[in-house]
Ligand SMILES: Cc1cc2nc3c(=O)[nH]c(=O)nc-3n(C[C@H](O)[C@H](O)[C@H](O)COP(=O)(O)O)c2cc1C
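One chain comes next, on its own, written as structure tokens: the form predicted on its own.
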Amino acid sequence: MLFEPFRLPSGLELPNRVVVAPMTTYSSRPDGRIDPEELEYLARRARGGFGTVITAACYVSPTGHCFQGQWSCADDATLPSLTSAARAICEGGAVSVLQIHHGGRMCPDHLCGGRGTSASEVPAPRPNASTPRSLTNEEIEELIAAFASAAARAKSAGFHGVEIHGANTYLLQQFVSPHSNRRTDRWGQNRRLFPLRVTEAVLDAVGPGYPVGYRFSPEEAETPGLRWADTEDLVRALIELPLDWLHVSLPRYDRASLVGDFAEPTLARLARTIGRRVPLIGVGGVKTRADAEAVLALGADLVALGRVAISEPEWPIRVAEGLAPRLTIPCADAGSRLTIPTGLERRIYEVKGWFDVDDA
């Protein structure tokens, strides 16, 4: 099944079930345009046999700028940049997906133009986190419109689809979580309201038949925090919308409950809840063909590869031929050897333990 074509509900056929997971590259230009090095990075993975390539998170508003070197889809001036990325992926033979994003309280003040914003004035549970400003009703509506405009921009730029980033502690998750959302108005009384409004606005902006997916994290470690009941409630609402996939964010594809609420793999529980109503992308520590097939066996329809798609740009080709993929990063010159943009290469070598690096 892994290398067979897969048809999305919208009718778009994916060349296979193997996806490049969205990964931050720290490599775009200061004005939010994509760098030519990053275009080559995307193109090589597309040529390497991945059926779908999901881009790094692209901010929909300057207030959502979250990483140094993050790229932008916040206005029409970014269209040439977006078009070049879509073209690089498509010409490589893969389906292209733009991930649209707002960092919320995770945005450093110096990147987002001042004090970060969130559902409530609750800082992230991390060292030296600043306290965000609570978004007003008017600002919430503006951000819903910003996500919709970014999705329409992606369609105009030639992307095959968009993925709404509602995972990894960023803004949409901040509204779902009882840790970050302490509001008493309608945005707090129904914590799934904001992500659902964003999703509906995106679907309206791109029109019927254009693929839209949603990424989410199932649990949070903090108390109060996101729990399975919250996620199940959100997922049951999302599968009522005409989405083309749901994409769970997990550090390990076979991980059980983060907080010990259940022992079975979260991926299997999600697959049962979704019941094939919407395709499910599984992810998390996938390295080998056996890992990828285990993801499908747990109930996912598609499998996303993260770090191994960096260390082995031709993973699908090699694995389909029965060859072992490269699981480590060269001790030097990874950028040129693996076609990795400079910002990402620097980060790989700086963050000890993120990747396994060759001794010589």
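If you're wondering where the values come from, they're calculated on a predicted model, not measured in any experiment. Residue numbers run from 1 along the displayed sequence.
Unshown form predicted in complex with this ligand; subsequent notes refer to it.
The candidate spot formed by Ala56, Gly285 and Gly306 is fully in contact with this ligand in the model of the complex: every one of the three has a heavy atom within 4.5 Å. Between this ligand and the residues Ser120, Thr169, Gln99, Thr78, the one pair within 4.5 Å by heavy atoms in the model of the complex involves Gln99. Residue heavy atoms within 4.5 Å of this ligand in the model of the complex occur in exactly one stretch of 277-285, 200-208, 262-270, 130-138, and that stretch is 277-285.
Although the partner is absent here, His165 lies within 4.5 Å of this ligand in the model of the complex, judged by heavy atoms.
Contact check for Gly114: no non-hydrogen atom falls within 4.5 Å of this ligand in the model of the complex. Among heavy atoms of Phe355, some come within 4.5 Å of this ligand in the model of the complex. Contact check for Leu250: a non-hydrogen atom falls within 4.5 Å of this ligand in the model of the complex.
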